[in-house]
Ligand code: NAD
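Heads up, the chain below is alone and in the form predicted on its own; it's given as structure tokens.
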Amino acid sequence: MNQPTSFTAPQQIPSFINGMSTPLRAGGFDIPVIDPASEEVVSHLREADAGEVDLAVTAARKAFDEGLWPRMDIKDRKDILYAISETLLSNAEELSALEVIHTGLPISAVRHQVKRAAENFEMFAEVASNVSGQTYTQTKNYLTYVTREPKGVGALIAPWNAPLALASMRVATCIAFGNTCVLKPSEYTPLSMLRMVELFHEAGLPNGVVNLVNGRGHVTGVSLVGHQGIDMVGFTGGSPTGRSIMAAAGHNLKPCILELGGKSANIVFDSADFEQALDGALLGIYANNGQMCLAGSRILLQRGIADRFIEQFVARAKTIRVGHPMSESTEMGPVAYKKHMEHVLSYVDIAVQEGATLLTGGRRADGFDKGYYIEPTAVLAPNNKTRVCQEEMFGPFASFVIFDTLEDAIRIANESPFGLVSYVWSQNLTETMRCSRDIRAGVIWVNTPLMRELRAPFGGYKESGIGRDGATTSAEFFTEYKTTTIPIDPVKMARLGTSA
């Protein structure tokens, strides 16, 4: 099935700086954009070098230092953010089609992600309009008040696994408080990103508030994060890249918010609602083509239900509809690019060599002449210390581990370098509360998968990130506190240098 003819990909993807697409400079480096369903080149992006990144940062800097956006009445800024939300929704089919072309995500899932992108701007319009200050009158004859101000220019780097949902989150949390930014999406997924930023401006966003540069991390990303005109860095992506970004930003004393990788434990107790847990475990690893930092990729099963659960999980996994992402019936499409497909499949041999049993999948899906399609894959690991239980594969690959007691489940869940989320399936109050208290993860989902409460903090422990997205937590990161102290009565001071 081909992409809709009314929403074809542009042939060239330029940067978008100060409200307009930049001319393609002579001698620039082009990167092919490949449709993972067909392996065909559908567009080319022009990589932004250090000079072009400087133009983008300069535009964002001027919009912050001299422009209206940080000084705008909150009602007017809120109106524009709401207009952005409405504009994204009114262009949802175009954005969805572009997102499918470069990600391979099923169209049914992408439509939800466009809705999420719109909700991000609506939510943070409300959050920003309710930011409040503080006053202190406890010290006699003094009034001290605390205000919040926008921090400045953000360098925002978005991933390829859910570009619209995650890039919009980065942008919305930044600009809602009056900041400006430069957005760098993944070089694998630039199509929907350019159109999204164009739509921001069609909705009335002032020039320079959101600028877009494209390119690889070691070229465009390094230039952006290391730029002296940047005030803070927001990154969503893998933990190794997050380390490099934090080190580079730290060199210039720039604060970072990092949402990184995961190897989340999905714990199913004997007391669980079996069918609910089965549905949730399948969604937790195979939704979004398995490419989720919050995937429940380690499925921990209590021994009493393990055999039955594995049998039914495998049977269901084998019937997941793998197909072209533009088909309404498709449940799982191709992974995003060839190298990533090879990375995911390489863990099959690793698992077997470590003593795991391959239960299903483990190879490219049948029935496709082209495309990076992988069969839904699952293995039974001999223990939690194996690489398939410790390393993030970021694909449709589940690893089962069997446990006996509540204490075992908590210990195994915590035996990981990551701590983003954890899933708990149980009808026993003690089990759920103990897991909530003792598992070292930023989010605990009890008897539900993949529920994102935008008001609440979201982020991870350990190698899963630094900082939290959310209503109050984003306000903390993207604003600066300012304390002003005023005497109520004249201040009597020592008069240095006088004889009195």
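All residue numbers refer to positions in the sequence shown, first residue = 1. Fair warning: this is a prediction, and the values are worked out from it, not measured in the lab.
Although not depicted, the form predicted together with ligand NAD is the subject of the following passage.
Enquirer: So which of 260, 389, 374, 356 gets a non-hydrogen atom within 4.5 Å of ligand NAD in the predicted bound form?
Expert: So the residue touching ligand NAD in the predicted bound form, by this definition, is 260.
Enquirer: Looking at 117, 230, 293, 110, which is the one with a non-hydrogen atom within 4.5 Å of ligand NAD in the predicted bound form?
Expert: The residue from 117, 230, 293, 110 that makes the contact is 293.
Enquirer: Judged by heavy atoms and a 4.5 Å cut-off, are 14, 37 and 102 together in contact with ligand NAD in the predicted bound form?
Expert: Negative, none of the three is within 4.5 Å.
Enquirer: Quick one: does residue 216 come within 4.5 Å of ligand NAD in the predicted bound form, counting heavy atoms only?
Expert: Judged by the heavy-atom cut-off of 4.5 Å, residue 216 is in contact with ligand NAD in the predicted bound form.
Enquirer: Indicate whether residue 238 is a 4.5 Å heavy atom neighbour of ligand NAD in the predicted bound form.
Expert: Although ligand NAD is absent here, residue 238 would touch it in the predicted bound form, with heavy atoms inside 4.5 Å.
Enquirer: Looking in the predicted bound form, any heavy atom of residue 245 within 4.5 Å of ligand NAD?
Expert: Yes, residue 245 sits close enough to ligand NAD in the predicted bound form that at least one of its heavy atoms falls within 4.5 Å.
Enquirer: If you check in the predicted bound form, is residue 185 within 4.5 Å of ligand NAD, heavy atoms only?
Expert: Close contact exists here: in the predicted bound form, residue 185 approaches ligand NAD to within 4.5 Å, heavy atoms only.
Enquirer: Only one of these stretches, 134-142, 403-411, 160-168, 75-83, has heavy atoms within 4.5 Å of ligand NAD in the predicted bound form; which one is it?
Expert: So the stretch in question is 160-168.
Enquirer: Taking ligand NAD in the predicted bound form, which residues of 402-421 have any heavy atom within 4.5 Å of it?
Expert: The stretch 402-421, when checked against ligand NAD in the predicted bound form, contributes only 420 at the 4.5 Å heavy-atom cut-off.
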